[in-house]
Structures are given as structure tokens and as C-alpha cells.
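Just the one chain here, the form predicted on its own, laid out as C-alpha cells.
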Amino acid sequence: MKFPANLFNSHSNKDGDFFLGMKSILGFKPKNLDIYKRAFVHRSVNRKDKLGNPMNYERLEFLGDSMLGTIISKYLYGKVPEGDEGYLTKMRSKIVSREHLNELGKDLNLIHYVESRIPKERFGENIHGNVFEALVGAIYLDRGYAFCEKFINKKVIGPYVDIEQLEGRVISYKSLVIEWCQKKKKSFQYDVYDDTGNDAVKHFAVKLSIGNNVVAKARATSKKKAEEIASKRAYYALQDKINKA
């Protein structure tokens, strides 16, 4: 798939630096540099093509997510022949978890290449993983499946995937706590309560009750994050009981 040479109006001396940066990250030469440029365009730029279609990394992110899932699934299928569907699905989820993808994006310093009208310090953590997935999508469009698999093997599977370590890695403390409560027939509830903090960015305060007791509280920039942090605190407070269940 090729985009018109004039798709981006940013061709300048920076192209050479961008090409070298991509070559260093990828381990091979990109053919169509414009595809990779799109992988780093944030929606805030509001760039569109001649037909009015948005030109940012989000569609490439969608494609990269699919490619990651496929290639990691293939790897696990061959690596763990005794693993059933449930085990393989759980292991894949750990490898492509948002937390892990964010770590990968940070390690490659991908945010350095992001074009945005929003100051980079205001981005949330997920920008790192989102751009990593977009880069994978760009590789697939530019060089095909084999190069995409080669990149993922080199940057994800080789340095980061250890089956034994992953088996013990927790990807959702909330799921662990809820599973334990259900197993022990304990009632639980996550409640948002008043937060009088003076942070410039809005925070959500959440308390987790198990039975009649509040076992953990947390604050974060989203309700989901606050619930996960509260769950993690509850897990460590109840770790001995949960692990014996």
C-alpha cells in the first residue's frame, strides 16, 4: 500500500533524521517513510487527506493491535504445546497488556517522534503503547507480515517474554480481588466518594468495601485507574488469605 508522495507537507531536512531514527528502531530500512510519519501524528493536529479523512495514528494503532495479537498467539501456540485455550489467552493478555505496551513504547522513546498540538508532558501513560501499536501497523503496511513478525520477535518476545515469569505476573488486581470475593461468597463494592483535592487535573477517589469494611482507598485521573490501585492495595492487605484460596 502506497500513499502519494505529497501526503505530508513536512518533507525537509528532518526526513533524514526521521529515516535514521526509524531505521535504528526497526532494525531495517523503511521503504515508505510517509506511513511511519502517520504512525506518530496525534489527532490534535487535525490533519486530513484530500478526501477529508483523518490522518493520525489511530487507524494504524488498530491494525498494529491486531498484528501483535496474531503474532504473539502464533508464538505461544508453538512455544507452549500443552497450553489450553484459556491459558494461551491469559498469557497473550499479559504480553500485550496496556502496561507492557507502554513500557515498550517508553523503552524505544517513541514519544520523541510524536507530532501533536498538546504538550507531551500532558499526555497520559497510554500514549506510549498506542504509538507502539501504530508503529507495528506501519511496519505491516510498509514491509508485510514477515518484517512485522521479525520486529516483534526482536523487540517484544526476545527481550521481554519469559513464560515462567509471565505465569506469575498480575495484570488486573481488580479481577483477582473480585474472583476471591466471589469464591468466598463475600460482598464487595467500589464507591466513588467526594474528593476535595486541589489538583489541576480532576481526580477520582474510590473506596473498596468487602463485607462491611472499607479495605482500601485510592485516587487517580480516572475511575478505572483508581479502582485498580485500590484493588492492588486490597490485594496486598489480604494477600495471605487470597493466595491460600
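In this text, residue numbers run from 1 along the sequence as written. These numbers come from a predicted model, not from an experiment.
The form predicted in complex with another copy of the chain exists for this protein as well; it is not shown, and the discussion that follows is about that form.
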Partner-proximal stretch of 65-73, 23-31, 214-222, 175-183 relative to another copy of the chain in the predicted bound form, 4.5 angstroms, heavy atom: 65-73
Non-hydrogen atom contact T89 with another copy of the chain in the predicted bound form at 4.5 angstroms: yes
Contact of R59 with another copy of the chain in the predicted bound form (heavy atom, 4.5 Å): yes
Contact of E85 with another copy of the chain in the predicted bound form (heavy atom, 4.5 Å): yes
Exercise: Y140 in contact with another copy of the chain in the predicted bound form, heavy atom 4.5 Å: yes
Another copy of the chain in the predicted bound form reached by all of I111, S187 and F204, non-hydrogen atom within 4.5 Å: no
Contact assignment for another copy of the chain in the predicted bound form, among F123, F147, Y77, Y160, heavy atom within 4.5 Å: Y77
Heavy atom within 4.5 Å of another copy of the chain in the predicted bound form - qualifying residues of 204-230: none
